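As a starting point, one isolated chain is supplied in structure tokens, in the form predicted alone.
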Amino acid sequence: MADEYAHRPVTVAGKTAVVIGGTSGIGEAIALSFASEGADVVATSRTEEKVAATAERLRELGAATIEATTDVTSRASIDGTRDRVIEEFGSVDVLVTSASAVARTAVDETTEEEWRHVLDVQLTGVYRATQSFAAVMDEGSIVHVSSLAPQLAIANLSTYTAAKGGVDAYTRAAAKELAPEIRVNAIAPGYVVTPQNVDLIGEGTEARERIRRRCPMGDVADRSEIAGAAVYLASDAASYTTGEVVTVDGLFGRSVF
């Protein structure tokens, strides 16, 4: 009887994962966490040098990998990476999308070029990758890295906020259509220091001190704490979890100040 109630393991060991935007920031942390768990991992970005460096770290952790530069604004680039992964590994079990672009401009100053670029990377890129990889996944998990921005409505991030709000909605719609074979979820991190925002919330900044004062958990998240949510959502333990936007923010976005 005991086996009837044993949960499925929270691990990605033995799976093949593709992490788009996996050579820096949260995406890199997810790729390295997957590799340390025993997955084979392909971490992509547009920069050949970063792809090569991350691939070397993945190999050091025991993961099989290939080096594939990928531009999420190009369907041909995404399809090319997908085809190379299938040729090398035979299948894909997990897709993570974490490519990012930000325009830090006020609503009345945002240019159409900025608007188009951010949405092309952050939202349309998610659509392209989901559609491309779902076509070759018999079953598995897709995890999008979203943001707490749609809930916090941070000043001067309206374009990014709109894109991430779209990711949340797209996640729920795709989950319904791709079920039951493919689960689709998103992670909404709160404040995490990455190369993209270190100048704003890095150690010693005024914003970092405000976060420390207001966040019940006392500070920003470590990237590995976001990666832990990705490991769960990609694992068989999350076999009945789909269409969710999982908040990992230390209660910051839901605290009353």
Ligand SMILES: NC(=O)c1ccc[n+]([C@@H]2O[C@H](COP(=O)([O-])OP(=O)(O)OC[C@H]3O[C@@H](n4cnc5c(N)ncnc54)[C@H](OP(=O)(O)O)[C@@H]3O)[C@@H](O)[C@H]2O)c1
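Note that residue numbering follows the sequence shown and begins at 1. Just so we're clear, the structure is a prediction, and the values are computed from it rather than from any experiment.
This protein has a second form, the form predicted together with this ligand, left out of what is shown; the following refers to that one.
Stretch-level contact analysis of 176-184, 88-96, 157-165, 134-142 against this ligand in the predicted complex, using heavy atoms and a 4.5 Å limit, identifies 157-165.
Using a 4.5 angstroms threshold between heavy atoms, V121 counts as touching this ligand in the predicted complex. By the criterion of a heavy atom within 4.5 Å, T247 is excluded from the residues contacting this ligand in the predicted complex.
Shown alone here, T23 lies within 4.5 Å of this ligand in the predicted complex, counting heavy atoms only. The shortest heavy atom separation between V72 and this ligand in the predicted complex is within 4.5 Å. Though this ligand is absent from this view, in the predicted complex it lies within 4.5 Å of a heavy atom of just one residue from R208, R214, R57, K50, which is K50. With the partner omitted from this view, the residue of A227, V192, A63, A68 that lies near this ligand in the predicted complex is V192 [heavy atom within 4.5 Å]. Contacts between 123-150 and this ligand, taken as any heavy atom within 4.5 Å in the predicted complex, involve V145, S146, S147.
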